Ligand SMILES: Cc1ncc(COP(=O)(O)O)c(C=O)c1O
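What follows is a single chain, given as structure tokens, in the form predicted alone.
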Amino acid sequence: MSHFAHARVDLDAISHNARLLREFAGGTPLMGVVKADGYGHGMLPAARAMIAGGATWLGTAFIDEALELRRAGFTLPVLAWIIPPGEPVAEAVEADVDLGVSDRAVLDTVIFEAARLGRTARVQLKADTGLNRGGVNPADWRNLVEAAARAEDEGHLRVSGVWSHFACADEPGHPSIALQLSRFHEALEIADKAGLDPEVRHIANSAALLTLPEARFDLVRGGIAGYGLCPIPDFEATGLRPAMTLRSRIALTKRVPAGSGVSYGHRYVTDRESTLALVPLGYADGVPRAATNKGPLLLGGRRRVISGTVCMDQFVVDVGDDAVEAGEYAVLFGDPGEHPDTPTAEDWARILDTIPYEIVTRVGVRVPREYVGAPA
């Protein structure tokens, strides 16, 4: 597959976006979120690019991701925030990974491992302010922060952060936003009264970073926006540059008569004699099957649409009478700055009724990443 298709990742674009997010946030320190293999862009190269753009923290979902960063030589603060039972907490404590604490069981596990190792663990207490996903419920918050304060006094912990996450920051003006901010202030006040003095307080994800100055606190988390994609539909985040371009060479072309059914189920039928181009990318590579007769692409200098069913390894495009040949590139999504008809990941998300996060993170492992720009 590497001979035909690749996802080109522009590391300069990621660094540029990180710098721009710092500007959007009025200079508030930036956490570059590199979970899920850097949103499909490659975790280690993305982390280097985020740091080159001014990020002073890194964020991951799981401990294993944070440990991979440590093994690669990253020494700046790293937060891992999902800690199911059985995770390598001891290794994280030894590696000075900040651990997101969303319930008492995780806190107790961290305290136990820190005491056993004779080390001071770094934890960030997460308050559930209304997302009702991870985080500590308001009814349990006081007991948790008081337990953390006792452990801090005993030298087992350093509460490095208190944080939360918005539910609807991508819908500016949604009434839940003000309510969550109010609850976060209450959670911070309770933590303060318990004697905690965290290094950072943070609640702003990419959407809040762009639209809510009052949510900046001590740190903002740049996730999808760091990769040049806006989390808010129809919001103009001027200057963001998409970092990933997914493209493939055409494997073959063939001329077919009018009335030819195309691909599985003949869900597309040619209405005239036409040329069909075969693109060797499919749902095993992250092209959604739901893109059948919908997915846009740039081919032969024009925007076109997938013709017929997306298969596991390939799909077809009807190019009519245009002179398209095997070996030419088809661009599924990328940066319109390179060609005005280039579809974006946001275009794909809009057409498929999803979000751009899903489009870039689902690009499969057999599609090699090709890095341009610096750092590598």
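Bear in mind that the values here come from a model prediction, so they are computed numbers and not experimental data. In case it trips you up, residue 1 is the first one in the sequence shown, and so on.
Missing here is the form predicted in complex with the ligand; even so, the following discussion is about that form.
Taking the ligand as it sits in the predicted complex, is Gln124 in contact with it (heavy atom to heavy atom, 4.5 Å or less)?
No, Gln124 sits far enough from the ligand in the predicted complex that none of its heavy atoms falls within 4.5 Å.
With a cut-off of 4.5 Å between heavy atoms, is Ile224 one of the residues that contacts the ligand in the predicted complex?
Because a heavy atom of Ile224 falls inside 4.5 Å of the ligand in the predicted complex, the answer is yes.
Please run the contact check for His156 against the ligand in the predicted complex: heavy atoms, 4.5 angstroms, yes or no?
No.
In the predicted complex, does Val33 come within 4.5 Å of the ligand, counting heavy atoms only?
Val33 belongs to the contact set for the ligand.
Non-hydrogen atoms within 4.5 angstroms of the ligand in the predicted complex: do Trp81, His165 and Tyr357 all have one?
Judged in the predicted complex, Trp81, His165 and Tyr357 all sit within 4.5 Å of the ligand.
Taking the partner as it appears in the predicted complex, which of 99-107, 253-261, 285-293, 157-165 has residues with heavy atoms within 4.5 Å of the ligand?
The contacting stretch here is 157-165.
Heavy atom within 4.5 Å of the ligand in the predicted complex - residue from Thr245, Ser248, Asn205, Thr129:
Checking each option against the ligand in the predicted complex, the one that comes within 4.5 Å is Asn205.
Contact residue in the predicted complex, chosen from Arg116, Arg272, Arg133, Arg267 - any heavy atom within 4.5 Å of the ligand:
Partner contact (heavy atom, 4.5 Å) among the options: Arg133.
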